[in-house]
Structure formats: C-alpha cells, structure tokens
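Next up is one chain by itself, shown in structure tokens, the form predicted on its own.
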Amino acid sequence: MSGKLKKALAAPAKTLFAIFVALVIGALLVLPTGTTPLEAYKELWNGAFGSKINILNTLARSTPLLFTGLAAALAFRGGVFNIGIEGQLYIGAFSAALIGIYGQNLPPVILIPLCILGAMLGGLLWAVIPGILNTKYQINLVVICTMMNNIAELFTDYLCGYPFKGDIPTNATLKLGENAWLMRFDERSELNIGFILAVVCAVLLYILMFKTRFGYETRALGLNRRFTSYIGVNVNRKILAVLFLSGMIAGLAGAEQVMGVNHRFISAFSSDYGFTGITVALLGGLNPLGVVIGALFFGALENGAIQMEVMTNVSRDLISSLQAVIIMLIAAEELIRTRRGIKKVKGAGKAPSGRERKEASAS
C-alpha cells in the first residue's frame, strides 16, 4: 500500500476505531438494563439498516450532519473556530425558502439552483459580521458566533411568525413552489438528492483541502498563523475566505432541509445540526472522507434508536451517551497528541547526555 493511500485512509481508520470503542463502552452501559448488548445493538442495526426504508431514513438523517460536518471540518482545519454554523444554517434555509416561494413560477432547472445559491449566499453573509469583527478588531470569534446563532434563530422565528407567516398555526412560511422541491428517492422517506450533493461536496472539499494550494495554505494556517504569514499568505484574508466558504456549506444544510424535507421554513426546525456537525467533524479527524463516515454513523444512531427503544428496555438516551463517549475519545486523543508535541519540543532543545555524545562520536 502506497504512503499516499495510507495517509488518505488514516482519518477514516481513526473514525472507525473511535466508533468501535464507543460501542464497546455502550455495551457496558446496556448491561444493567437487563437487555443484552447484542440484542440492543441488533435492534439498533435493524432500525437503521433493517429495510430499504430504514436505510433511506438513515441517509436522510445523515444528510444535514454531513453538510454541517464538512463546514466545521474546513473551518477547524484552518484554525478558524466557526461555532456559528447553526446560525448560518438558519439564514441559508430562510433565504432558500424566500426564493422558492416568490420564484415558484420559474422552471425547476432555474429555480432549484437559485434557491441553492441563495442559501449559500445567506450562510456567507451571516459569516461576514463575525469574520470582520475578528480580523479587524480581534474580537473573539467563538463569542461572536455564539451570539450570531441566537440572533439567527430568533430573527427567523420573527420573520416566519409575522411578515412571512404561512398558512399553518405554527411559525412557518408558506410552502415553496413544487418547482423548488428536491427530488426524493421514495415517497415514504425524506431522503432527497441533497444527499448526493453532500457526498459530491465532500469529495470536492477533500480535493480542495489536500490537492490544491488553497488547501495547503489553509492547513498551514491551522498549524501556525505566524508561519503562514512568513510564507507570504495574508492571514486575515485567508481567515475570511475559510470562514465564508464554511458558511456557504452550512447554508447548503439549511437549503436541503427546506427544499427536500419540510418544503417550507419552520421555526426552530434544526435539531442542533450545527453543533452536532462539529462533533461529526472532530470524529472524522477534520477530513472530509472521515466526516462522511461520522455523519452516517450519527444518522444510523438517531434513526435506529427509535426501534431499539421500542423493542428493548434500552432508552434512546444511550445514543447521547455514545456521542458523549466519542467526544471524550476525541478530547483524549487531542490531549495525547499535544503532550507528545510538547515532549518533542523539549527533547529537541535538551542538550545530549554523555552516553548520547559517546554513541555519536563512535558512529
């Protein structure tokens, strides 16, 4: 196996290992319930992959997590802590909804790309404010993005509750024109071609991050900003580029939900897709290929948990426990990696011992 192939498969391998360890620990948590781990995981598997519809529903639940995971992976790889993915998702979704409602007379070949483009632009615009405040005024990006998330959710709730209120009791817009709907693979499932778009996005992002100069500069930015400036990169401009591209991908997650699932914008429709996407990105090693595996795993957990809870004594809260274990594994790996890096730096600056000098002279 070539070195390049090993390097490409390293992140997915780490992802699978973290998943395996989490499942082992989850099995220990199942034992006190009186249900065997084998039985619980069997029902979890059947709920996620036991039939064609279950598989389609698993992929449907994975789709928004794949988009938000890719958005987080790109930003975090560049050292840009875009915690505002949730807010960018909301603004992107609302932008797609407005275009789908007021442009419903346009043919699908024009309207669907317009809605997608509008969602990407909405996500980008919602990343502009934190980007400028961070690069120009050095305001903490995490704090700004957290505030922007709350503003986005409350602002869209107001918009779809008053000026753009639809024809249903809850706060939601009118339905999008059918020309703006994304094609579904089965009438009984919410899976739509947005999943294909997410996979294509993952492949393109992998090429961008690991096969282009932009990707090299982005990874260098994430490792050391001072070094990145030394090689002639405008650090502030690169931070904005990474943040804006991440916001555009987050906007796609909102577009998929509006155009392919709900067919209208519904207030508070997101089940914390933005924050879960960050976990998915970390689980995938900030590698788009690993993110695909992580998103599918989380989608399978969420979809299979329903049948597991019905058929066994195990609550679906087990899924939250598995996710917490995964986060702890990621944190532990990062801590070990950091400690090793510190030891290497200390070792590099330490004077050689008398034994090491004798061995060096003998050689």
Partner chain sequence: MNALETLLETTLRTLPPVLLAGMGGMLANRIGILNLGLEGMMLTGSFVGVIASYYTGSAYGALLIAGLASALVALIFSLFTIRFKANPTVVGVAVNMLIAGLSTYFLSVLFGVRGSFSDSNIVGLPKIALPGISEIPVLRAFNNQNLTVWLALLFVILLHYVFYHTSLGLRIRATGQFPMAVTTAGVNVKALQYGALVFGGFLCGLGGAHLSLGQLTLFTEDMTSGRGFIALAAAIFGKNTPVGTLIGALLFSFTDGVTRRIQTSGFPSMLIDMIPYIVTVVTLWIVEMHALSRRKKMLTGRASRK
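A quick note: this is a predicted structure, and the numbers were derived from the prediction, not measured. Residue numbers count along the first chain shown, from 1.
Keep in mind the form predicted together with the partner chain is missing from the figure; the text below concerns it.
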* Work out which of the listed stretches, 276 to 284, 189 to 197, 114 to 122, 245 to 253, brings a heavy atom within 4.5 angstroms of the partner chain in the predicted complex. => 276 to 284
* Structure fact -> Residue within 4.5 Å of the partner chain in the predicted complex by heavy atom, from A202, I239, I266, I83, is I83
* Let me know the one among L98, L289, I151, V261 whose heavy atoms come within 4.5 Å of the partner chain in the predicted complex, would you? => I151
* Asked: Does every residue of V143, S315 and L329 put a non-hydrogen atom within 4.5 angstroms of the partner chain in the predicted complex?
  -> yes
* Asked: Is A324 one of the residues lying within 4.5 Å of the partner chain in the predicted complex, judged by heavy atom distances?
  -> yes
* Asked: Does F155 reach the partner chain in the predicted complex, with heavy atoms at most 4.5 Å apart?
  -> yes
* To do: Answer for I110 alone: is it within 4.5 Å of the partner chain in the predicted complex, judged on heavy atom distances?
  => no
* **the partner chain contact in the predicted complex: T33, any heavy atom under 4.5 Å** => yes
